[in-house]
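Single chain ahead, by itself, as structure tokens, in the form predicted on its own.
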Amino acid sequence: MDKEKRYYPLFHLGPMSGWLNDPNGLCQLSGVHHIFFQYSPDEPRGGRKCWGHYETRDFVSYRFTGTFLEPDAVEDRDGVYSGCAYVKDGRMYLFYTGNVKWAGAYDYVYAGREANTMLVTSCDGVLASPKECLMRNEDYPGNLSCHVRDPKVFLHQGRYYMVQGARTRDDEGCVLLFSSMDLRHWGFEKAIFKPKFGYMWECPDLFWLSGKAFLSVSPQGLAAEEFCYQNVYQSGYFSMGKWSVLDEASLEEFHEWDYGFDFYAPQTYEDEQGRRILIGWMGMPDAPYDHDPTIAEGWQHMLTIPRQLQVDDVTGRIRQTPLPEMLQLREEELFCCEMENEPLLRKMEDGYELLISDIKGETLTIIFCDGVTFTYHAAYGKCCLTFTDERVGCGRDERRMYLQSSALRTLRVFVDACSIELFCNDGEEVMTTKYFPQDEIVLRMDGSAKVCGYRLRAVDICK
């Protein structure tokens, strides 16, 4: 481990230096998975927004190719904002929002900002075609604020569609739906919204699983409740049934993707095996705990491990499970035991996985290090992720979650140098957080369960 980068991840993707946020342009082309992301290469606190790029064939070995897009055009001079990829005829069509702020005394919400829908193409994620501006503010409905962004493109019933997140002048969040026959000329179809559900919807993603349509959004402005909407901003999805773009949208109950402290702006894509894969940003904009010690190391934020999405046949909700490729990172089995009468106490290193099953009894407690604890209370069917040491949590306090199935049957946990991802009941519920251990890492567990631990090796990253 680089002593100057105590917290740099082993198997999560972070920036080589600088700042990382939203995953962008996720796709697979000719066997290669492309993972673009919002990137400020020289500023760990964020700055000039570019796109960075990783590629991989197996999610074990990666190549970082550097900065793919920079804000160097008139239409994106104040930031290459988030967007997507659509693969056609051996090329990636990469759509994004070009951010422009006019000079002057503007609020940049209702005036003074351009949100330009931009396009480049690429066959390798390294070289890009000249930038094209496809839509400008005047091409969007007249009741919108200047906040329109994050295009996501898909093919449905022989026609191309694009969704974009937006904020109306009445401060209602919504998703805009456009259509096209050629990926360049777009016409507005309709707005999709849920009344009084946040003032802005970011990072929309409309996709189908098991014949059902789902709309993923990141709404801003939801009031916090005890067991939901606990972050400053949220990310989740609506089921839309067997929705057709010709029908009026019927948004069913909103389900959060993740109940931890650090998860936002996820994007999905379908790979060449037909799997729907989700990757999220392990961060949270405008959070009170946005002062990670990694800033002193010259970098900030990560992407989550890739998760495969599947629909639960019973509940109709989406399960998230780590991609099977993650099994290749298991380097050594550290222990496998029945924990019942005696608590488990183990000294650990950075980078391990826990498999916990046959959970019995009233409580299960996992102390990952002094300062951060996961607790399951069987009587209430709830889980809590709690920080008690300011140095470890850097402002994080507690997140609470009810289990769909009431009982915790299985738990799979990935612990990296400064992050924890917990998958409950085969991905029914997930909690993601950063944490910053101070001294040696001692794992403590108390309860009744079968526990197996594995040391995970670092992914290979080359330039």
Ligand code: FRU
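From a predicted model like this one, the values you see are computed outputs, not experimental measurements. Don't overthink the numbering: it's just position in the shown sequence, from 1.
Just so it is clear, the following notes concern the form predicted in complex with the named molecule, a form of the same protein that is not shown.
Contact with the named molecule in the predicted bound form, defined as any heavy atom within 4.5 Å, is confined among 152 to 160, 388 to 396, 328 to 336, 202 to 210 to 202 to 210. For the residues 237, 186, 264, 374, the 4.5 Å heavy atom test against the named molecule in the predicted bound form is passed only by 264. In the predicted bound form, residue 38 approaches the named molecule with a heavy atom inside 4.5 Å. When contacts are judged by a 4.5 Å heavy atom cut-off, residue 259 does not count as touching the named molecule in the predicted bound form. Under a 4.5 angstroms non-hydrogen atom cutoff, the named molecule in the predicted bound form has residue 49 among its neighbouring residues. Although the partner is absent from this view, residue 178 stays clear of the named molecule in the predicted bound form, with no non-hydrogen atom inside 4.5 angstroms. Residues 81, 82 of 61 to 93 are found to place at least one heavy atom within 4.5 Å of the named molecule in the predicted bound form.
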